[in-house]
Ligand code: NOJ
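Okay, so here's just one chain, in structure tokens, the form predicted alone.
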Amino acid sequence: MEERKLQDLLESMTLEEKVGQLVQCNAGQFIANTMEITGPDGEMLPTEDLCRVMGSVLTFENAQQAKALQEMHLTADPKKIPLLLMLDVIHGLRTTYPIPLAMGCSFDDDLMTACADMARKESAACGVHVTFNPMVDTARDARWGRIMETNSEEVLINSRMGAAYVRATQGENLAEKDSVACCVKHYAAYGAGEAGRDYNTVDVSERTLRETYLPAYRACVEAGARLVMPSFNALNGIPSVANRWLMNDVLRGEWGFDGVVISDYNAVGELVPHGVAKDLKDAARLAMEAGCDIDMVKNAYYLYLADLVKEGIIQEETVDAAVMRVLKLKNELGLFENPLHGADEEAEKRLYLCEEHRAIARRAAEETAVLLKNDGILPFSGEVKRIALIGPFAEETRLNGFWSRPGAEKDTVTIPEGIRALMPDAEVIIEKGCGAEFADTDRSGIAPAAEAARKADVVILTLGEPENYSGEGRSRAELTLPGPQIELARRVIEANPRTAVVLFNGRPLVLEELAETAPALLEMWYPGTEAGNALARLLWGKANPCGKLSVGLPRSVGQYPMPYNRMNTGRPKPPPDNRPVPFSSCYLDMPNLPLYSFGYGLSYTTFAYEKLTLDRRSMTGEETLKVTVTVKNTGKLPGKEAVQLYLRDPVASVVRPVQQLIDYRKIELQPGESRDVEFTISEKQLRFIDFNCREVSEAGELQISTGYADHLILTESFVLK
């Protein structure tokens, strides 16, 4: 539709119809055949009016329901303005790939693109117009359950993977039937909640906000994301959905964002318990004045926005601007010409869980697993005859992680299924041993599990936290393995030293004892639909682990927050890091450094970093610096390596990090193969936020290193003029 026609449509709408475009309801509130509103909202919403004018719906199930919702709405709406249909597609729709935190461990933007492309096709066929993804909150406290939903503690990884997701999901033209619009979230600094508790207060300086948290959202906006979702938390005293500076000054003013801002679930209504709005009407005023276009679910706008306009508190022009943004999004998606967009039951059947999508999900599960320890027992031999599969996750079907679709577990390849498919002649003995819930105290299964381990050629010990222990609203004060799992591990490892411990979890856990006693330790996170196949291939060497930690693993929850790119102090703790140094910045009872650092991960082969060279020793702001890292596969197997490049600025006008990832690249090398990996560094990559919150670079000597955090092995210096 031409923009002039959109303007004509807007001018023809009543105030109530305009407000309706800014209202979002949950599809679960409707009975499919009548569009009758049920539940608590049915008591306060005029059913007929709402069905006629509402602008968007979230959380529907399939193409059939998407079509029914759209068709019934268009029948009721005299203006024939189509609905926007939105859904949380976080790590796949029907074919589930690993949780986002695991995806960060791939250090592979192309893999993220492939997974997003797969999710786009399945989502479009389902009828999805908008996905509430990517989530690019920088998170550095694993007590926060939603750390599983972001890619990393490092803003560069969040920025690059978030932007890759946006480009792959939206495509070149949103009007194409298999394109889906992205809503980047949660703007801003949602991952910095006090004490790691979800929805909690965030209080950070503007300098920290601009350097650590805002860049990932901005990268997604620059990649073309058409929607932004403000976060639940109060940021420096103002809840994000009512934060005019955040949304009007920064998002729309500085960044030039011209898309739709949509609240999180009931976030407008929550301005009342936050204590910044006296009632729901006041909340509607604050959110609209701050630039929030769509009110998700609570209906503050539906109930009060028209009255606020009639009373002269909100200008109708403000409402018109919000409505036009919504209409433009619908137009970009081609909904006026094709309201059903890509909803297609036959396409669902063809795409869901197809072999191509399973192959992508399997590759992702293999390449996001991180081998933390291996005393030489992995990979297992193909001659193994008796396998003991032990632990609370041995036969678990819920290996997809939070935000997987309802019923996803029925499509999951379990661990026994994966092992038997790969090793059909081996005997698989299964013992649960114990449970993995907080309340599990039954230890009666531990002795039989240890006996099964003793009789086996190899043992696979599956440990972790239940699927619903991480995700939204799933904060934890302690990060140890729940239940008697550690006791089970002691007994099993003692019974058979050929034990590989496999972890399933949505956040970093405290693993210090396992790191000491387990012969092999493989972090699988929540790997998704192809869990069992991917694990079997990894354990038997059909796939070579290549994941690197996108977030450090702590020794104790007391170390949080523990960013890898920490600032130095006036009394830094000198190495080694395993004992306290009087009157330095350290703990008395444990090292400062994490158990496993950001960027760490082993392989079944070995890599030597032979040389780091710079093509010049000085550069101006208009020039670039070519950095070459020579890497050789010195082992006997082909493997992939994430080559990481770090910067240090030893002297600056403000304190700078001791290490900062500025680039990375994934390569694959055959045994004995050597390769020069080239990086081109621009002045922009050397910038930081100064005391006055300006993005600057400063002249002086800088250091470039490779390796991984806390273990930088090659360093060269150059001067920025």
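The first residue of the sequence shown is number 1, and the count goes up from there. Given the structure is predicted, the values throughout are model-derived calculations rather than measurements.
Another form exists, predicted in complex with the named molecule; not displayed. Remarks below refer to it.
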Exactly one of 348, 366, 88, 411 comes within 4.5 Å of the named molecule in the model of the complex through a heavy atom, and that residue is 88
As a check of understanding, the residue in 185, 507, 357, 129 with any heavy atom within 4.5 Å of the named molecule in the model of the complex should be identified as 185
Indicate whether residue 296 is a 4.5 Å heavy atom neighbour of the named molecule in the model of the complex. yes
Heavy atoms within 4.5 Å of the named molecule in the model of the complex: does residue 58 have any? yes
Heavy atoms within 4.5 Å of the named molecule in the model of the complex: does residue 403 have any? yes
Spell out, yes or no, whether the shortest heavy atom distance between residue 521 and the named molecule in the model of the complex is within 4.5 Å. no
Quick one: find which of 225 to 233, 497 to 505, 442 to 450, 287 to 295 has residues within 4.5 Å of the named molecule in the model of the complex by heavy atom distance. 225 to 233
Select from 467 to 493 the residues with a non-hydrogen atom within 4.5 Å of the named molecule in the model of the complex and write them out in sequence order. 472
